[in-house]
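Shown here is one chain on its own, the form predicted on its own, set out as C-alpha cells.
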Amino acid sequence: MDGVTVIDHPLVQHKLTIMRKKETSTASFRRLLREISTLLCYEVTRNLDLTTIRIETPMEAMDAPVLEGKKLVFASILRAGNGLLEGMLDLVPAARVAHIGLYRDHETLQPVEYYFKAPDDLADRLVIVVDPMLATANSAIAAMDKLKERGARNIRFLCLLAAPEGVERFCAAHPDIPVFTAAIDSHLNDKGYIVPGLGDAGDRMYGTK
C-alpha cells in the first residue's frame, strides 16, 4: 500500500507472535511491547536529517554527524499509546512528549476526546504519533486532525498492528502522513477489532480485562 511501511524485521515479528498469544501474561505483554517499540522506533526514524559538528575525539578533531533541527515529538494516543512511548523514549530520551486523550465509543466506534497536551511549536518539529492498533482508524484520524489544527506539518504514524480497512480510511483522510506498522492483519470484526489481532492492547497491557 502506498504510504505504508511494514516493518518485517525478524525480531519484530518474533516478539509480535508472542504478544498475540492469548496466554501471554500482562507483565510479559507489557515488557514485549516496550522492547518491540524500540525496534519500531529505529525504522520510523531511519531517514532523519543529519548535520555535522566539530568534535575532539581522544585521537584528533573530526566532523561528526548529529541530528539536525529541533528535538522530535512523540505523541501518544492514550492510553495504549503509552506502551509504545516508553520504549521509544529509551532510544530517544530527549524527545518531547505530547498526549492525546481519545477513547472509542463501543456503540458508535467513534472517537471521544478528553485530553490534549503538546509542545507549542509543533510546526517546527517532526511529530511521531504512536498507538498500538490502527483498527477503524477513527481515533488516529481524529488525533491527526487535532495535531494539524495545532500547527503540526511533519507527522508520521507508528502502530503495532493495522487492519486493511483502517489503513485505507487513514490514508484517504491523511495521504500526507506515512504509516509504519509491524503487520497488516486480515480484517475487522463486527465490533471493530482487528482479526486475528491480539485483543485490546490497552486491556492486555494494563490487565483491565
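Just count from 1 along the sequence shown to find any residue number. Remember, predicted model here, so these are calculated numbers, not experimental data.
The form predicted in complex with a small molecule exists for this protein as well; it is not shown, and the discussion that follows is about that form.
Proximity of Ala75 to the small molecule in the model of the complex: non-hydrogen atoms within 4.5 Å are absent; the residue sits far from the partner.
In the model of the complex, at least one heavy atom of Ala201 sits within 4.5 Å of the small molecule.
Although the partner is absent here, Ala135 lies within 4.5 Å of the small molecule in the model of the complex, judged by heavy atoms.
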